[in-house]
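Next up: a single chain in structure tokens, the form predicted on its own.
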């Protein structure tokens, strides 16, 4: 489903340059729930933005659903991006629109022949009673449920989640993780979750890439365990939490 090969990306500043991604190669299988983890500045979000073509690599290849994004023109890219749903850290809702209008927004921008209804997705995320509310009347967890509903209404082949729980408390995080897990199972889509929160990845994903300083240090298969997090350096702790019994 997703193939990245030898991706390089540098951001150029007036005084210094930042090598954001360095020789990134990665494969995500169709239908897989895949995690990308690392501390702030590791390059996680930049990598995610390569997958939906919001960023272009300086070199290397990005392929999604057997299409080379690096070779598409602007119109072709827009068509490809229609197949991708996004869930954001800060929800990205329009405050002057109701919940229903926010959820319906993608359908006003493009034609989606197999889309769901607003009522369907609001029921799925448990917000059918908030249809005519405004974002300012919602809690953080409810806002993120609206964001998930908006991402799902188009029936995307690929769902990208960029720090979907980092603005939420622990209890709400667990609720959102459950909604995302249910969505992955119900809609049979490929999911990529970017976060620094190890329990989120452990709950949602089967494999994860560990990033540090723009590089993938390891790709591990996640094992479920009830053991607590061991306070070690981040990469060692990540391996302990995700890969060990």
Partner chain sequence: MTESLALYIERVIEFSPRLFDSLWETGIMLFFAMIAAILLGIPVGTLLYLTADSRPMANRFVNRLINILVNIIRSFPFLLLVVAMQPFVRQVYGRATGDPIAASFPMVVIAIALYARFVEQSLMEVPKGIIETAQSMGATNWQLVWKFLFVEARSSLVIGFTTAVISFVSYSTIMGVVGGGGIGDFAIRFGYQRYETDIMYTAIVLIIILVEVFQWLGLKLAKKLDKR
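All values derive from a computational prediction rather than experimental measurement. Residue numbers count along the first chain shown, from 1.
Note that the form predicted in complex with its partner chain isn't included here; everything after this is about it.
Novice: Within 4.5 angstroms, counting heavy atoms, which one of the listed stretches 28-36, 44-52, 196-204, 212-220 is next to its partner chain in the predicted complex?
Specialist: Looking at the partner contacts, the answer comes out as 44-52.
Novice: Within 4.5 Å, heavy atoms only, which of 93, 100, 127, 115 is in contact with its partner chain in the predicted complex?
Specialist: Comparing distances to its partner chain in the predicted complex, the residue within 4.5 Å is 93.
Novice: Exactly one of 168, 122, 138, 86 has a non-hydrogen atom within 4.5 Å of its partner chain in the predicted complex; which residue is it?
Specialist: By the 4.5 Å criterion, the partner-contacting residue is 86.
Novice: Check whether residue 72 has any heavy atom within 4.5 Å of a heavy atom of its partner chain in the predicted complex, and answer yes or no.
Specialist: Flag for residue 72 set to no.
Novice: Although the partner isn't part of this model, could you tell me whether residue 142 comes within 4.5 Å of its partner chain in the predicted complex, counting any heavy atom of the residue?
Specialist: No, residue 142 sits far enough from its partner chain in the predicted complex that none of its heavy atoms falls within 4.5 Å.
Novice: Counting only non-hydrogen atoms and a 4.5 angstroms cut-off, does residue 110 reach its partner chain in the predicted complex?
Specialist: So residue 110 counts as contacting its partner chain.
Novice: Just checking whether residue 81 would be counted as a contact of its partner chain in the predicted complex - the rule being heavy atoms within 4.5 angstroms.
Specialist: Residue 81: yes, in contact with its partner chain in the predicted complex.
Novice: Which residues from 142-165 come close to its partner chain in the predicted complex, meaning a heavy atom within 4.5 Å?
Specialist: Only a single residue, 150, comes within 4.5 Å of the partner.
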